[in-house]
Structure formats: C-alpha cells, structure tokens
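Just the one chain here, the form predicted on its own, laid out as structure tokens.
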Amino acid sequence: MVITLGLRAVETIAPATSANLGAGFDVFGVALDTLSDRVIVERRKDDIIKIEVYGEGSSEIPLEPEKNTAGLVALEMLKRAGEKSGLSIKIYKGIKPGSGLGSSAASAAATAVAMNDLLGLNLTPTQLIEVAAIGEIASAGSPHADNVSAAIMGGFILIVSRDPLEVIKMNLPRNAEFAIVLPEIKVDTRIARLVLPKQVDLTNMVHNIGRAATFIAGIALNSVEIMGKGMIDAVIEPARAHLIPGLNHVKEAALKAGAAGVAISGAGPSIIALVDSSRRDVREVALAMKDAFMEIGIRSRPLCARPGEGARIIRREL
C-alpha cells in the first residue's frame, strides 16, 4: 500500500569519515567535521522511488535504487517496515565519491536516519548501522560497517564484532586533530579491495595487532603521540600503495611537518595525518602534504578536521 499519513519529508545530514587509520582495517573509523552529505527523503503519492543527486561527483552516481547507496538503504527500510511507498530521495553531495572520505557511507547514514524517522521505525544505532552497511554494497561490492558506524554514531568507533554487530564509541583526546589531503586522482573502492592479500604473513599480523592496540592505548592514555605510533600498517597499505602515486613522499612530508602519524584514509586516495594540535599547526601539516603532491605534479586539496558528530535530522515536514 502507499503511505499517506505521518511525516511527509525528512532532511538529514551526515559527516565525512575516515576508516582504518593505519592498522585498524575495517575496524577503526572516525567522523570528521569538515565535509558532509545532505539527504532529503520525501513521500510520493505513487509507488516509484526516484533518486536525484547533486554536487560533488553527482554525474558518476547511478540513479537506479538497486545500484544506489541511498536507494539500497531505502529499500531495506521499507522492507523492515513492511510498507510499499513511493519516495523522492534527493542527495546533495559534499563529499567526493572515491575520495576515501566515506562518501557512500555519508549518503547511506543520512538516508538510514531519514527513513527511520519517516517510517517511525525507532531503530537502535546498531540497527541503523546494519541497514546503512547494506548501502555500501553499491560502492564497495559488499557491506562493511566502519565508515557507516562513524557516520551514524559520530566520533571515533571501533568494531568489536561484525556478526553480531558490536560497536564501541570512544572519545579522542581534545588535542587530536586531522590534516587531510585529497589528491586529484581516483581510487575505485572495489579495486582497492580486490588488490588486498588473501593470506597474511604471521609476522605482519602480529605487527598490525600491536599497532592497532597502540592506537587504542594512546586514546586511553590521552596521548596523541602514542596514537600516532599505532598508524603504521604492514598489510593493507603496502598492497594499495601503487594506487596512490607519491604516497611515501607525502607521508614523509607530513611527519616532517610534525604529524604524529599518517596513513591512507580508507581506500584512498586521500591521506590523513593525526596531529597534536597543542604542539603543531594542523594547517601546516595539511599544506606540507599538498606541497609534496605538487612536487610530483599532482594537484590536491588540503583539509583540516576534528572528530565530528554523527548523522542528524535537520528538518521535518508534515
């Protein structure tokens, strides 16, 4: 049936995110306060789901619900509600697709929060993450929860378990900030996952466990410096390094400028550096990375960010 009662439209916003942060592959994620996607979901009088996309990289995003991040989330939400309803979904992209800053996750998270309110489902944050993760199939080929968890819950998250889903949110030190550089190259998320090793050397596995544990220890000890020591990945980043020209050069520039640690953001090509803002100027680190890319002929956009809040409703319409 077609729904005609209740809310008519809901507008939400969801933040950019960075996943992995070095050794925390598919486990660590952080919401950023610098970029965001905005989504408006509105009921239609028919049973058609119409998707419109505007802004950063909008021409590259499929509009069919079954191939679109927001569309997959909307379909799953309608299924959970046991409803058949036409929807108009307008996505305003502030996060460039294929940037490594959780572009698809932001659209998925914003849509999940909007649909939850529109349909009155009262899903828990964990249930919202499960639904939003389904939207990631459109971009990554499989559901994964690191970016969408951060986009929904805000702040820093770590995924304890995927099945059943269990997520922990932690507060980073107040002086933990991020310098980010987004080069004008694109890394397809599907390809970035295909190049990953199917087997991992035991020595590298032990290395990554130690580094990931060090990152969490840094949070517990309120030390950005210790957190930075945990951002050295011996498994995923080496496999993806060839996808980002100048990666090591840019990382060296960030560390020389005072970053506590530096890594590929998500699947890339963005590179994220952790900075102790009580000791270093975050802007200087971001500009150093930008200059390093320019030295090899690649233009890039520098950004500075703090941990941000999660997806939220900004407007309801009856």
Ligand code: HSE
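In case it trips you up, residue 1 is the first one in the sequence shown, and so on. Bear in mind the structure is a predicted one, so any value in this text is a computation, not a measurement.
What comes next is about the form predicted together with this ligand, which is not displayed.
K.L.:
Based on heavy atom distances of at most 4.5 Å to this ligand in the predicted bound form, which listed stretch, 117-125, 223-231, 160-168, 143-151, is the contact stretch?
P.N.:
Going by heavy atoms within 4.5 Å, the stretch is 143-151.
K.L.:
Spell out, yes or no, whether the shortest heavy atom distance between K96 and this ligand in the predicted bound form is within 4.5 Å.
P.N.:
Because no heavy atom of K96 falls inside 4.5 Å of this ligand in the predicted bound form, the answer is no.
K.L.:
Within a 4.5 Å heavy atom cut-off, is R193 in contact with this ligand in the predicted bound form?
P.N.:
Yes, R193 is a contact residue.
K.L.:
Going by a heavy atom distance of 4.5 Å, is N20 a contact of this ligand in the predicted bound form?
P.N.:
Yes, contact at 4.5 Å.
K.L.:
Taking this ligand as it sits in the predicted bound form, is G266 in contact with it (heavy atom to heavy atom, 4.5 Å or less)?
P.N.:
Taking the distances in the predicted bound form, the answer for G266 is yes, it comes within 4.5 Å of this ligand.
K.L.:
Looking at this ligand in the predicted bound form, do all three of D26, T189 and R240 come within 4.5 Å of it through at least one heavy atom?
P.N.:
All three within 4.5 Å in the predicted bound form.
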